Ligand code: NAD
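Next up is one chain by itself, shown in structure tokens, the form predicted on its own.
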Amino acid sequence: MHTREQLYIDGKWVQPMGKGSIDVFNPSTEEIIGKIPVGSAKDIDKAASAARLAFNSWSKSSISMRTDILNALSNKLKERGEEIAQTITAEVGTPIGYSRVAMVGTPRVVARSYAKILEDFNWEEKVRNSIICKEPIGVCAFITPWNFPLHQIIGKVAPAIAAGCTMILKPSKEAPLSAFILADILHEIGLPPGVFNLVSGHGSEIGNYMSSHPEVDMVSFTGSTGAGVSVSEAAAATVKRVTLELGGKSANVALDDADPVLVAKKAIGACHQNSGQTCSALTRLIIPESMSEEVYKIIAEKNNSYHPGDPLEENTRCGPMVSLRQQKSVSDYIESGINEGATLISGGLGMPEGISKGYYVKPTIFANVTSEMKIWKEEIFGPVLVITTYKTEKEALILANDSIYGLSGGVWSKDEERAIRFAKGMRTGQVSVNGGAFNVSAPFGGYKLSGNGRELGTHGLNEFLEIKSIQL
């Protein structure tokens, strides 16, 4: 049982001023595995005051000190990697193999990448008669999601540390346990008091309060588009910077010279990674009509072998949904697809075969999906892939851009230059060409209702910096 009764404020574990606790469930067993405290507005006030005071000195800290902290953080994440992976698998349901790589390995690399960036980052430049300075923006508020709990936190905490900012974190209440481990690590490696503060609780009670707080200079939010709009509205009165990483309904496009076998095989993983609970998942597959029969056959066979199971089993590829609510939401989308007339070629309603407990759904594939259907338009956030066909490349691009979102995308072609030209026409923040690997040094973020601002790499660091011009 992972029971936490205190909040981390000003370098100390302290009793919350809020009342009660929040249960943390294991989605594969439906059992309570932990409890966290309910923070209040008064706790946010206390954390904001600590962060504001700490900013005076931390903003002037040496680059070598920040680099040492980031490298120490990366080392500790590696040292406690198995513990963290097991914890995240227990709270999210992520298959343990994927948890080790994406939930722990990636955050570790991100932390180290910011230490590397600091080695030669240009804090000043001369432009004619001006010195252009980059300075830390101030106190930052972070509101993070449950699907990649530690990765989404490190993607904000690491550049904030690198920039010289101080921060308050409110982790997801569905998967908060790894955030408390992070607080332990930051305390252990000697991050000065007040630089990092952790206040857990209900987003409806403290999320918007953080966003509107006059002592907070910037809000970085990752989550649903609706919640992101609320954060922006709350932050508007104090004219603070807001970065948003929101939803997605990303297109995976096969051009007519692509290998249909490769496209079909790779499309499953691109959609179903982390049990489909990934904002950048490629959930809309767009293929030429001439390729459809072969792709449908291969993709159905591969999906039928994509068995959900115990996420602690080493060979499990698909775990449960994070909660009963998420299980019901995904099931409702599958039912909607059936009712709207899409062709179900694999999966469907009900629990996967052989599973009677846990928040599971069947990995599902729909073909003949039209742009009017709900499953085409809306983010499902589960292992559900929708497929449509096209006749011309121009039509393929129109279909790819037929979304209120623009977070990610994929293009397949034997001609790389052709694929790159197509990728440049996609209104989305990131595109993978022929399965190009995720790059932690490249900016991540979206167009349209997928958000604004960028995380990771130098672009992510710049989000935490103000620009000052000194005229000579």
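Residue indices: 1-based, along the sequence shown. Note that this is a predicted model, so its numbers are computed, not measured.
Just so you know, the form predicted in complex with nicotinamide-adenine-dinucleotide exists too; it's not on screen, but the next bit is about it.
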property	result
Contact label in the predicted complex: E91 to nicotinamide-adenine-dinucleotide, heavy atom within 4.5 Å	no
Proximity of W146 to nicotinamide-adenine-dinucleotide in the predicted complex, heavy atoms at 4.5 Å	yes
Non-hydrogen atom contact A54 with nicotinamide-adenine-dinucleotide in the predicted complex at 4.5 angstroms	no
In the predicted complex, F381 touching nicotinamide-adenine-dinucleotide (heavy atom, 4.5 Å)	yes
Among the candidates P320, P107, G248, P159, the residue which, in the predicted complex, approaches nicotinamide-adenine-dinucleotide to within 4.5 Å (heavy atoms)	G248
Residue among G337, G358, P171, G138 with a heavy atom within 4.5 Å of nicotinamide-adenine-dinucleotide in the predicted complex	P171
Heavy atom contact within 4.5 Å of nicotinamide-adenine-dinucleotide in the predicted complex, the stretch among 383-391, 254-262, 207-215, 283-291	207-215
Residues within stretch 220-234 having a non-hydrogen atom within 4.5 Å of nicotinamide-adenine-dinucleotide in the predicted complex	F221, T222, G223, S224, A227, S230, V231
